[in-house]
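Just the one chain here, the form predicted on its own, laid out as structure tokens.
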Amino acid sequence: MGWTSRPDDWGDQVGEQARARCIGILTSGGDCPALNAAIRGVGKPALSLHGMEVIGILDGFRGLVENRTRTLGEGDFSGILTKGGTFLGTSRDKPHRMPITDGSEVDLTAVAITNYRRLHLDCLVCLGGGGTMKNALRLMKQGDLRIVGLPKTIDNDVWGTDVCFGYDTALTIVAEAIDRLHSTADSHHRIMVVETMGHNAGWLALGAGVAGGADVILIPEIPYNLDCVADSLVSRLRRGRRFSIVVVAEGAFPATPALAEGDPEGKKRKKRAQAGEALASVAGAGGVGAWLAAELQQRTHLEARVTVLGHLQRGGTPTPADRLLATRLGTVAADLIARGVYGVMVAIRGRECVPVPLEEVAGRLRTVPLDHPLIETARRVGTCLGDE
């Protein structure tokens, strides 16, 4: 699109008569730290610098469908910077697959579009992860709506941005948990398995594992060999290491036999199917962490325990880094809207904020590249990644 990373260079894309006068803000998907900071980052300049009316839409896209809103003023943005969660509420409901009371799902996209117009919105700001960006793009295309997105998720897997707000806080929480588990693991000479969130991306497990000095880190991008993992733990014991810390992402799965060469797309489909089968069997055993702990205990004859951090990773006060990131992305979003730039997600690339077209973001997942420096760093300090 030719956008530069400096707001002053984006220029005005609309005339004065078409300038945005009323915007809506919603948070969608799972909650995460710094959502309130991002809402504040959008809302304060929209009100005070650009003279826009700001409407908060409650509980994500469900609130848009049900027309549940509140007008936001300066007082609504006071004292929320450090608070976790989202004061607007959130949900995982999608306009085109909205659950109703009988348990079925109906397509209420037209209702969402009608309410957008009924509220006299000139733009809808959607704070969310990959699924939110897909839903936002669908609304934009079907209703010719103006939309700007902001990338939030502790999984850090939104395509097009170097980092998502919420990730740093979750990373800190997991690393602190690993730090605390070191002492009890040492006292009891145990294998401590820590299961992290992350869906199909290993950013959280990898980052926290390296930061916390984990001995084994298992991520979805690198299918692991159980015997390889067990051997590394036994080897540690023989070297006088009385305990081990294993960090496993919830989407990590065991390796399967090598696939035939010659059909890259077929290999990808088969790999996804095999991963699904592996994870389904693991889920039946109480989750990947519990399953892995049981398997490692059987193979090593060492006592193993599991800690599933679960929603603790998504809660609490956001770190200063997340507050800074969310605030910066929010203020840039307000500037873009004031200049008439729509249909984009505000991303951070390097030290700059850039608008990335929603069409490029939606439906794509940002996973850990196998040549990422953190993977090499982990290997250099002797961390087992389950593949060698």
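Nothing here was measured: the structure is a model prediction, and the numbers come from that model. A residue's number is simply how far along the shown sequence it sits, counting from 1.
The form predicted in complex with a small molecule exists for this protein as well; it is not shown, and the discussion that follows is about that form.
In the predicted complex, the small molecule stays beyond 4.5 Å of every heavy atom belonging to L296. Heavy atoms of T153 reach within 4.5 Å of the small molecule in the predicted complex, making it an interface residue.
Taking the partner from elsewhere, R241 is found to have every heavy atom lying beyond 4.5 Å of the small molecule in the predicted complex. Remark: M197 counts among the residues lining the small molecule in the predicted complex, judged by a heavy atom distance of 4.5 Å or less. Between 230-238, 120-128, 310-318, 134-142, the stretch whose residues reach within 4.5 angstroms of the small molecule in the predicted complex through a non-hydrogen atom is 310-318. The candidate spot formed by G30, R92 and E250 is fully in contact with the small molecule in the predicted complex: every one of the three has a heavy atom within 4.5 Å.
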